[in-house]
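Let's start with one chain on its own, the form predicted alone, as structure tokens.
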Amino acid sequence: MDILITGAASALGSALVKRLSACPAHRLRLTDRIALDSRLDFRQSGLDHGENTRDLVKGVDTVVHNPLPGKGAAASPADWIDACTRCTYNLFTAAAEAGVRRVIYLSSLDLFLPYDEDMVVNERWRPRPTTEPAVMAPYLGEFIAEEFCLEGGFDLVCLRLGHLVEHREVEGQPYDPLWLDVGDAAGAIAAALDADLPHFAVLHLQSVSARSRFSVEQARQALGFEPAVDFSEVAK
């Protein structure tokens, strides 16, 4: 499988590349807004409308699109919106024209924080985004991705992620019920590459414990998602 990974300079991008590189059947192409020293096929790109973005997806079967913050995080609210809307639109336009088979779009579980904590929220619930750019921007990106999917451009898997952390870095810190270890997130994304999913699928990913905020039961059934890290055992 030929796979394009955006946001490759982020901690999640690095973890995903490490996991997928172990499979010789996968050929990886990486991109980010900032330069990345890699032995793999890395192409720096701002995902503008033009030949640069079209070249990124040539010969690619699957795109993993990560507009979420990392080393190359957007510096302002306007940049946040731009990365998740204009740049996402440019990438998906090129992907649809190039015949990309599947897109995995990474969004955020923060879309559901306005619900009361005692509510059993799952993928069937309606998102309630705030005007905070880090929340609204990924949600707008979901609309763009869904429109391309519905128009037959490609299969879409929308993965809404909890708060990404390295589990060793949060030992002893106050517990966050939305924590998700980057390794567990990378494992779920890798599983979504080949999973037998409908044309349009939405799944929620976060750690699992008695204090977790949201259910990941659908991800368990669809991807075999079983987080290795129980943050309730390492945090206060």
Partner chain sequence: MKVLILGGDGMLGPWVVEALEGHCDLRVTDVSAIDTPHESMVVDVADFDQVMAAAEGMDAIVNCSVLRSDGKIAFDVNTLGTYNAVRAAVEHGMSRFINTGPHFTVAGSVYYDFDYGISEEVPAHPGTGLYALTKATGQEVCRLFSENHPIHILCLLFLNFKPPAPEPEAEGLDLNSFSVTFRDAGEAVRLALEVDLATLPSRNEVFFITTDLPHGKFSNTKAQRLLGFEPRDKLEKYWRRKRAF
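These figures come from a predicted structure and were not determined experimentally. Positions refer to the first chain, counted from 1.
Form predicted together with the partner chain: not shown, discussed below.
Undergrad: With the partner left out here, check for me: in the predicted complex, does some heavy atom of Phe112 sit within 4.5 Å of the partner chain?
TA: Close contact is absent here: in the predicted complex, Phe112 is far from the partner chain, nothing within 4.5 Å, heavy atoms only.
Undergrad: Asp155: heavy atom within 4.5 Å of the partner chain in the predicted complex?
TA: No, Asp155 is distant from the partner.
Undergrad: So in the predicted complex, does Ala98 come within 4.5 Å of the partner chain, heavy atom to heavy atom?
TA: Close contact is absent here: in the predicted complex, Ala98 is far from the partner chain, nothing within 4.5 Å, heavy atoms only.
Undergrad: Are any of the heavy atoms in Glu117 no more than 4.5 Å from a heavy atom of the partner chain in the predicted complex?
TA: No, no contact at 4.5 Å.
Undergrad: So which stretch, 117-125, 141-149, 100-108, 159-167, is the one near the partner chain in the predicted complex (non-hydrogen atoms, 4.5 Å)?
TA: Going by heavy atoms within 4.5 Å, the stretch is 141-149.
Undergrad: Which residues, if any, of 118-139 lie within 4.5 Å of the partner chain in the predicted complex when only heavy atoms count?
TA: Stretch hits, in order: Arg126, Pro129, Thr130, Thr131, Pro133, Met136, Tyr139.
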